[in-house]
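The chain that follows stands alone, in the form predicted alone, written as C-alpha cells.
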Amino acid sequence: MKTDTGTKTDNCFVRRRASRPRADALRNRERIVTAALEMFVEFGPEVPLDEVARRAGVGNATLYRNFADREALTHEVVLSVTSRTTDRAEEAVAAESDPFAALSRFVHAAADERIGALCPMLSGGFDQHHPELLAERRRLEKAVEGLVERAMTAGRMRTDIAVGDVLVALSQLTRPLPGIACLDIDRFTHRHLQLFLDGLEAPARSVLPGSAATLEDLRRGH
C-alpha cells in the first residue's frame, strides 16, 4: 500500500510526464516541418497537406494534431527557416576572421537553408505580422546588418549598397521555381551566388543604377 506522500510523488511525476511532449511526437513534428519545406520548394505553398503527411511518413491525423491548418504549418515553416538562417549568420561571424569571408559563408549557408522559399510562402494568406515572426525577422535583419557593416568597415565590401540589396539578391537568386521540370537547377545556385559575391567586393568595378535598398525599403514593401 502506498503512502500519501508516495501517491503525491507519483501523481506529480505523471503530471510532469504529461506536460512534456514525447520524443517521438517531437520527431513527428520536425519531420512534418521538414517535409512541408521540401514540398513548398518543389511544388509551391499550396501543395496538398495529405501529400506533406505522406512525405513526412505520418498520417493525416498526426499532421492536423500538430498543425490545425495550412496557415499554422506555413507559420512554423517560415519561423524555422528564418531562425536557422539567423543561426547561420551568427556561426559565420564566429568561424571567419575576415568579415567578407563571413558574409560569403553566410550567403551560401542561407541558400542551403532555403531562404529563397520564404517569398512564395509569405505571399500566402497567413499572418505575416505575427509577433513571433516579426521578432525572428528582426533578429535575422540585425545579424545580416552586422555582417554587412563589418565587411564595409574593413574595406572589403563596396559601400554603394545596403543590407536590403543583399537580402533581395539572396532571395531572388535562391528562389525556387515550383513545378519546373529541371529540379536539379539547385546545382547552379552556389555558382550564381559566388558571381553575386564577387560583385560585392571592394573596389567596386561599376556604378550601380538607382539607390541602395535599405531595410526600411523592404519593410514598406510588406
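Start at 1 and count along the sequence shown; that's the residue number. This is a predicted model, so every value here is computed, not measured.
What follows is about the form predicted in complex with the DNA, which we do not show.
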| property | result |
| --- | --- |
| Contact assignment for the DNA in the model of the complex, among 167, 193, 161, 47, heavy atom within 4.5 Å | 47 |
| Partner contact for residue 155 in the model of the complex: the DNA, 4.5 angstroms, heavy atom | no |
| In the model of the complex, residue 55 touching the DNA (heavy atom, 4.5 Å) | no |
| Residue 43 within 4.5 Å of the DNA in the model of the complex, heavy atoms | no |
| Residue 202 within 4.5 Å of the DNA in the model of the complex, heavy atoms | no |
| Sequence-ordered list of residues in 79-111 near the DNA in the model of the complex, where near means a heavy atom within 4.5 Å | none |
